[in-house]
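First, one chain by itself in structure tokens, the form predicted on its own.
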């Protein structure tokens, strides 16, 4: 990606256009981190960029001066230096004017994201003090922070996310403006909020990000179900770390490069505790059924954030199932195999491990399940059924709920090793004493 971006910069410079690497790629390279992608900013207008890269460019944002240029297998966004007009919808400027590199830097969100670099001369171009803030590990809005946040309210979340993933402090005036504007985050589309929240959850320092979301007022607006976990005390013998919010925060700190579904399951696994909390006659807090309630709550949250059905189903399954693991050593073999065969089992097991490490620290059940998983080949955990519906119908059973019940019984016996082949399965069907179907026979 860097090689492709450099070729684009060189070609634009040779054509007489001031051109640089821009934004996050400059910030990350100065931090000693290899960027995921590279953006190029240039004085060349979009039509000039297209003319220099015929057949290898796509105009994706003419009004914003953005062209995607392909170099071999890499695609790089090339944007013309611009100055933004008024922001009327809290997301995009009503118009843009192509301008100089300095004016382009001044319209960006944070100073550490407003740096340019000439890769040919290896020269940093800094119009807003971004390099000094980078050295101080300080996140500062460019210019007036209230104006920056008013232009695009998603910058409120982005500021929290960058501070947590980069490990930076937020400059006091920027922080004050962020807190004042936090109630306006509800004006941002659910899709954009979801994307930014997922980047935060899956990134470094997500536990600090949770603190910043809470302290800023963003958490109670966007994720009130998570904010409600604060102050919900738990039995100290199982949760010496503290309340539900503290427990969840600790689990976030223990995650290592989680998938999006696992990260959200960690965040939401105990959201059912606040509404189910009861204190028994001994004074011990109880949360009976919190996993079931939490699964339903998670579904509503994820739908609100416009998650796909597939991801919603996976996350909710992990939330609703996370208490099952405590019973694993006492499970019948068939039940245990069904647990191991769950499509989300690997992530559920990791959720269980984090849940234990974020509370009492006991991982015996995790170790037990890892051992069982290693002992059982996949074909033993998820075998094809020996008995099928057609076998029951051919034996004279009428279609209906009874078919499903008997198929489940047969599969459980198979998982237990009590039916070891198809012939034994058909023998079990014969032993049911079903009335023979006219002209029937085992299918």
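Numbering follows the first chain given and starts at 1. Given the structure is predicted, the values throughout are model-derived calculations rather than measurements.
Another form exists, predicted together with adenosine-5'-triphosphate (ATP); not displayed. Remarks below refer to it.
192 is the sole member of 239, 192, 306, 296 with a non-hydrogen atom within 4.5 Å of adenosine-5'-triphosphate (ATP) in the model of the complex. Scanning 108, 322, 273, 337 against adenosine-5'-triphosphate (ATP) in the model of the complex with a 4.5 Å heavy atom cut-off leaves one residue, 108. Contact with adenosine-5'-triphosphate (ATP) in the model of the complex, defined as a heavy atom within 4.5 Å, is made by all three of 28, 152 and 161.
Not displayed here, adenosine-5'-triphosphate (ATP) is kept clear of residue 50 by more than 4.5 Å at the level of heavy atoms in the model of the complex. In the model of the complex, at least one heavy atom of residue 39 sits within 4.5 Å of adenosine-5'-triphosphate (ATP).
adenosine-5'-triphosphate (ATP) is not shown here, and in the model of the complex it never comes within 4.5 Å of any heavy atom of residue 286. Using a 4.5 angstroms threshold between heavy atoms, residue 372 stays clear of adenosine-5'-triphosphate (ATP) in the model of the complex.
You can rule out all but one of 215 to 223, 322 to 330, 276 to 284, 109 to 117: in the model of the complex, only 109 to 117 has residues with a heavy atom within 4.5 Å of adenosine-5'-triphosphate (ATP). Contacts with adenosine-5'-triphosphate (ATP) in the model of the complex, taken as any heavy atom within 4.5 Å, map to no residue of 372 to 408.
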